[in-house]
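There is one chain below, alone, in structure tokens, taken in the form predicted on its own.
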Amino acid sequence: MSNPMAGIARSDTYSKEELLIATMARLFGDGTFMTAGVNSPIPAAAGLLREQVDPGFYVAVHGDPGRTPFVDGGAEAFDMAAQGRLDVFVFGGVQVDGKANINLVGIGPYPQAKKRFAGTFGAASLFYLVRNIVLFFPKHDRRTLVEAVDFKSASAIGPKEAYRTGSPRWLLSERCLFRFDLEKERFTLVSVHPGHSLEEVREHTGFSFDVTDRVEMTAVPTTAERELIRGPVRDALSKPYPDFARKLLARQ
């Protein structure tokens, strides 16, 4: 996985990380509960930001005992998903392809992958049960956004007769935001982040995607969002992600 401390990029008003946090928080829709893992500072920050603007929303952050309502590790999150009570989940990984399949296992043909990672855990089941899945792949290049993943850890496309309440809806990267159309089995480009372009996104994306008549620019964090990120959100991140809170979300 990429180092969340790498590539600090700031403008006069907001950082790259703040743009991703604010954009992701807006993707959580009308959900009320999400959980963020121990290696997910930006998704956790996005959930905390959403809490600040939506009192009905709550994010459980593993690594912070005060924000972990579970007493049996990650197992309870799967119980909540099966009960329809886990509304939002953010997935990353090694690769993602144009059909919203993700790879959490390794690079190269399985089982002789030339590089192995932590593994799939429960991604396959959560892909079917969580109604709003956001795919987050901050590193946007042709080795990460590929035509076909080397291993399907979780798939957006499955048997038509299978019971399914959830699916990936979004793919957010350092360059742009895509929306996934389950019927078309394709991504559509929603917006390009400031400083990037459609041509650049095409150049660095390994799968084909649809484009609307007018490609929008991703909305930058508002003054209110920046103040929240640099204030209560940063403070809440200081326990589970102290380095991220200190170095990336410090007030300018």
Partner chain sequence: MSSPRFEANAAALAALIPDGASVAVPSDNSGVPMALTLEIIRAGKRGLRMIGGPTAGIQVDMLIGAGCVASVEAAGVSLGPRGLAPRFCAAVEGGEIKIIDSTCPATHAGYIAGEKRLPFMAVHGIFGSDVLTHRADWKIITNPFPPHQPLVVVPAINPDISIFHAPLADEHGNVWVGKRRELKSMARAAGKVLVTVDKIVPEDLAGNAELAPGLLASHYIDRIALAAGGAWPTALPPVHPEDGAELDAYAAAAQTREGFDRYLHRALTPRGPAQ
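Being a predicted model, the structure only gives us computed values, none of them experimental. Residue numbers count along the first chain shown, from 1.
Omitted from view is the form predicted in complex with its partner chain, to which the following refers.
Quiz item: Hey, of 38-46, 182-190, 215-223, 195-203, which bit sits against its partner chain in the model of the complex at 4.5 Å between non-hydrogen atoms?
Solution: Selected stretch: 38-46.
Quiz item: Taking the shortest heavy atom distance, is residue 120 within 4.5 Å of its partner chain in the model of the complex?
Solution: Heavy-atom contact with its partner chain at 4.5 Å: present for residue 120.
Quiz item: Might residue 153 be said to contact its partner chain in the model of the complex, defining contact as any heavy atom within 4.5 Å?
Solution: Contact with its partner chain, yes.
Practice problem: Indicate whether residue 158 is a 4.5 Å heavy atom neighbour of its partner chain in the model of the complex. | Solution: It does: once its partner chain is placed as it appears in the model of the complex, residue 158 has a heavy atom within 4.5 Å of it.
Practice problem: Tell me, yes or no, whether residue 80 is in contact with its partner chain in the model of the complex, where a contact means a heavy atom of each within 4.5 Å. | Solution: Answer no; every heavy atom of residue 80 is more than 4.5 Å from its partner chain in the model of the complex.
Self-check item: Stretch 113-132 - residues with a heavy atom within 4.5 Å of its partner chain in the model of the complex
Solution: Contacting residues: 113, 114, 115, 116, 117, 118, 119, 120, 121, 122, 123, 124, 125, 128, 129.
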